[in-house]
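First comes one chain, alone, set out as structure tokens in the form predicted on its own.
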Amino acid sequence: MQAELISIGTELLLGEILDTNAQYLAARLPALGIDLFYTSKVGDNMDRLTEVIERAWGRSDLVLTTGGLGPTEDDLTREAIARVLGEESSVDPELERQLREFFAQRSATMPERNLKQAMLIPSSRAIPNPRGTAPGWWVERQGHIIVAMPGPPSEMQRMWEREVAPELERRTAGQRTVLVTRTLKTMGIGEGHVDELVSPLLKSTNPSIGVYARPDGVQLRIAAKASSREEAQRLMQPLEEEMRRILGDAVWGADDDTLESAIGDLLQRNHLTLATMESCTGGLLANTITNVPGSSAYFRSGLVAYNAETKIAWGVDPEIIAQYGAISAECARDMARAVRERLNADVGVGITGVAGPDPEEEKPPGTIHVGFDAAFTVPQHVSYQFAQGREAVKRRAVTTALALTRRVLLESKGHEPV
């Protein structure tokens, strides 16, 4: 089955929002044995939208659209599909009842403009959307399918997972070749070195291997084609085991794992607690750590000390700041010590630096110092200079802090790898 994605909304063309829906769907089609050949973005214009849908209908077996199912005048997806197929829309009584009930349950009166969300054409059926007012459309005629889904990601993803993907899986079962991928995530060794280490495995064609540099390390993607997901996973397993043997502790996770969740697992496994003191990152490290569900089991707290006076107030040695400056490796190490002691944690991490864009205390923008302190090892630090914008520098500093924490914990006696 050949598929095409159409993302609908002028806000996408203006760069006001990112098209995460297309990324989400594109990543899930291969496992269904569906080939994606085209993607498009189009604004809220009837003529252009009709043109894009008509072209997709003519060349693709499956057309997936996201967006344009709202109640306003510029939500035109239903109307454009009806025009392409030459069919008339009409209000479906059951959909109207459900829509009015949706508003009544929230003690609100339904605007009559929302009635367009209860419309169908003869070739369509509604796809339930309990997270919003816009049902999807499943349109089928002459061997072609259009699936129209809402634009809000939470609504689209639920509709895809519960309604659309299971139906497509049933239809392609027994007549497909699926592509299944597995991504191993590494840290601490460069892309070229990783490529050299796994070079004997790169000749494999099914499964195949790709090596990619990412902000949180080097990733290796294993991809296998087979008649079923289970068979593809059986093909990949020996290759993954060999890659893990070769790369050892450099592998910190796989697929949807995050570095912060890997750190959390390592801390919990060793019954350790963590506290942070941040300057230039403004609490981003603490926010990242606490994005992991259950992080309260190991994360004590985080302090934001954005100037020298606050650092001293939270226990940083004023002599260190006087001698080395607030933006220094020595200060980062002492921030880690101070927060560990002040918050009674096993591990302390400190970050100081210049996020930019302007220099500070004659230190260039992008200067970052990360300190680590724990009772079971000597204080450590890493220092970098990142030639990027303010937001990117802050994120790189957080990734660097997590990487240092993982490395020291692995190197310390008695602490096993994730």
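Just count from 1 along the sequence shown to find any residue number. Note that the structure is predicted; figures quoted are calculated from it, not measured.
In what follows, reference is made to the form predicted in complex with a further copy of the same chain, a form of this protein that is not presented.
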item: Option touching a further copy of the same chain, based on a heavy atom within 4.5 Å in the model of the complex, out of 181, 98, 273, 123; value: 181
item: Heavy atom within 4.5 Å of a further copy of the same chain in the model of the complex - the one residue of 177, 206, 323, 307 that qualifies; value: 307
item: Which of 232-240, 292-300, 245-253, 77-85 lines the interface with a further copy of the same chain in the model of the complex (heavy atom within 4.5 Å); value: 292-300
item: Distance check, residue 221 to a further copy of the same chain in the model of the complex, heavy atom within 4.5 Å; value: yes
item: Partner contact for residue 38 in the model of the complex: a further copy of the same chain, 4.5 angstroms, heavy atom; value: yes
item: is_contact(residue 12, a further copy of the same chain) in the model of the complex, heavy atom dist at most 4.5 Å; value: yes
item: Partner contact for residue 104 in the model of the complex: a further copy of the same chain, 4.5 angstroms, heavy atom; value: no
item: Site check 16, 282 and 390: each within 4.5 Å of a further copy of the same chain in the model of the complex by heavy atom; value: yes
item: Residues within stretch 180-206 having a non-hydrogen atom within 4.5 Å of a further copy of the same chain in the model of the complex; value: 181, 191, 192, 193, 195, 196, 199, 202, 203
